[in-house]
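A single chain comes next, written as structure tokens; it is the form predicted on its own.
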């Protein structure tokens, strides 16, 4: 279902939240670092660059993403594995767990992040971010179309992504004795260029489950309907197309 090339089309914009998340992780010399939902692995390698003495593992459920990660000749100390982050179990208590723009696809992810926090080594860090733009036109139009009579019978099997919790929700969920929680949100205003840039962005993420279950002819028709509505919601300016994108961040430090 996933296309590493399409996903990477806006790599700079997609990677910025990762680095802002990582900046709040205070680990100095972790021994075991995991990137859960690592995608094509380009950001996993950056974890190894920050902590060159660590064993770094990237896990993703997409064979296409893992293939892309492995083909990039990962740095020494970095390995990649195919697997569902819900089933992943660490080889030993991890010092750093990172999950970047993944949990919106995981049903019941609140329970999952509680489990991850409990698996941390003493002094360990859990850091995750996920989109909180469920109410934005790019997402609302997708849901409306998928529920329309023309498309609903064809898209029953399509698993659309889900809403994040609020920063307050994650702080309350994970703020237990022995843990410090830092939670916040940021709305980026990306300036995208090219023809239909919002459609191209969403084709790399939220549209993937839809395109995966439609044949080529129907996928083109769905994209035509979606694109017409999205262009009206995000009109191009002389300098580019403004694309507001809210993200929710949480960093947990195990101090007990």
Ligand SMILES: C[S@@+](CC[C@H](N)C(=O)[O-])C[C@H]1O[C@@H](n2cnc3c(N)ncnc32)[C@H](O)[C@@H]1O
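Residue numbers count along the first chain shown, from 1. Computed from a prediction, not measured in an experiment: that's the story for all the values here.
Heads up, the form predicted in complex with the ligand isn't pictured, but that's what we're talking about next.
- Put simply, of 102, 78, 174, 141 only one has a heavy atom within 4.5 Å of the ligand in the model of the complex, and it is 102.
- Among 117, 155, 183, 106, the residue placing a heavy atom within 4.5 Å of the ligand in the model of the complex is 106.
- In the model of the complex, the ligand stays beyond 4.5 Å of every heavy atom belonging to residue 34.
- When contacts are judged by a 4.5 Å heavy atom cut-off, residue 38 counts as touching the ligand in the model of the complex.
- For residue 110, no non-hydrogen atom is located within 4.5 Å of the ligand in the model of the complex, even though that partner is not displayed.
- The ligand is not shown here, and in the model of the complex it never comes within 4.5 Å of any heavy atom of residue 127.
- Screening 38-46, 190-198, 22-30, 215-223 for residues having heavy atoms within 4.5 Å of the ligand in the model of the complex returns a single hit, 38-46.
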